[in-house]
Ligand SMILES: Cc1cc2nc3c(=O)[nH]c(=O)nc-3n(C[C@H](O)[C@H](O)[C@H](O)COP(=O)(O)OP(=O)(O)OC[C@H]3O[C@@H](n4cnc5c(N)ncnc54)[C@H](O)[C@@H]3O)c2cc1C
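Before any questions on binding or motion, here is one chain by itself as structure tokens, the form predicted on its own.
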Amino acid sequence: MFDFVIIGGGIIGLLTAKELQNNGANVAIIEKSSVGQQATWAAGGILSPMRPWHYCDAVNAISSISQSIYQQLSNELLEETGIDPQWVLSGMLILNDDDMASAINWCKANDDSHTLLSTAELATQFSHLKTLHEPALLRPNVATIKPHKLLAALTDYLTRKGVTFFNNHARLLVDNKNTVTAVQLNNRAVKAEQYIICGGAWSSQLIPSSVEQPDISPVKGQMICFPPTHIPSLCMVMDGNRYIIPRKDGRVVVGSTREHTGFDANTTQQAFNELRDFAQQLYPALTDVEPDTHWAGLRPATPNSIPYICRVEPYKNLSLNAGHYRNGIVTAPASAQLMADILLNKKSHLDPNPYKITRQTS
């Protein structure tokens, strides 16, 4: 029997496992497909909410703590596994924000380094972009990480540390009198003292129907990637609802759509064309280059984008860490720490109340 069984092998589940294993626990992870192949695999890897001034304190609190952790986490994983998650302090340039005053006020109030660049300064510092006719906000301390490398490093790290992985579908929770007794897989049952659901958009499907349900729904995001180019800057760019992430290897990631299509994760030609055209207009060097990769993922949306990080009452040994919407990678380290603090009955730096299923939302 394990101390903890985590259902879901995305970034939230992996980092929750890391926190618990570091505290001496015997941990297993159940993942129905390859580890991290859902929302985490599809993510861009921006280590900040794209516009934090549009989010509530509960989201920004776990985002801020996580941002302070990622560089050290990346270095630790590289040292332990030899796999580089490619943490890069790239900065983010924000164009055409519909409320620049709020953005600047938020940066000032939160000591977030920022500069409002004039069109002349933009032409000098970002000459690879199209001609810009409005000032833009530069946040130089926003970092990025490569999700595929992060997942590979974490999986290797946890395997080395003795975490058990089950590549199987968690069909249901077996319970008796508000106590989970096992997770039923296709061919066996897995037992533990405690169970944590980290299943992203699918998490609600495992919550017993007799208790109050979390409000989690899938939102599809499609993205594309251009082959290696010679764009001179690694700075990320956000323009309206779209963003561009240049990688260290010269590839250029472009995202993303927001589509309410249920659990349909198919890509579409329309989204491909829209993302390609956006990138080629903003980056003239991409005009004659075609994207070579196109994918989609399902993000777990919740009211106000606040995740659920809590025990599932009145169950004695069932918890939930899910619903991070577009900020899964951004908020994962602090979410995992809070979940571990709750499970291990430790005092947390965070107030757990905003992340409960029974929280008040407006």
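Just so we're clear, the structure is a prediction, and the values are computed from it rather than from any experiment. So that there is no doubt, residue numbering starts at 1 and follows the sequence shown.
There is another form of the same protein, the form predicted together with the ligand; it is not shown, and what comes next is about it.
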| property | result |
| --- | --- |
| The ligand contact in the predicted complex: L158, any heavy atom under 4.5 Å | no |
| H169, heavy atom within 4.5 angstroms of the ligand in the predicted complex | yes |
| Contact flag, L154 vs the ligand in the predicted complex, heavy atom cut 4.5 Å | no |
| 4.5 angstroms heavy atom contact with the ligand in the predicted complex for V312 | no |
| Proximity to the ligand in the predicted complex, single hit among L73, A136, I244, M223 (heavy atom within 4.5 Å) | M223 |
| The ligand: the contacting residue among A334, L318, A42, V59 in the predicted complex [heavy atom, 4.5 Å] | A42 |
| In the predicted complex, segment of 286-294, 76-84, 99-107, 193-201 with a heavy atom within 4.5 Å of the ligand | 193-201 |
| Stretch 282-318 - residues with a heavy atom within 4.5 Å of the ligand in the predicted complex | G297, L298, R299, P300 |
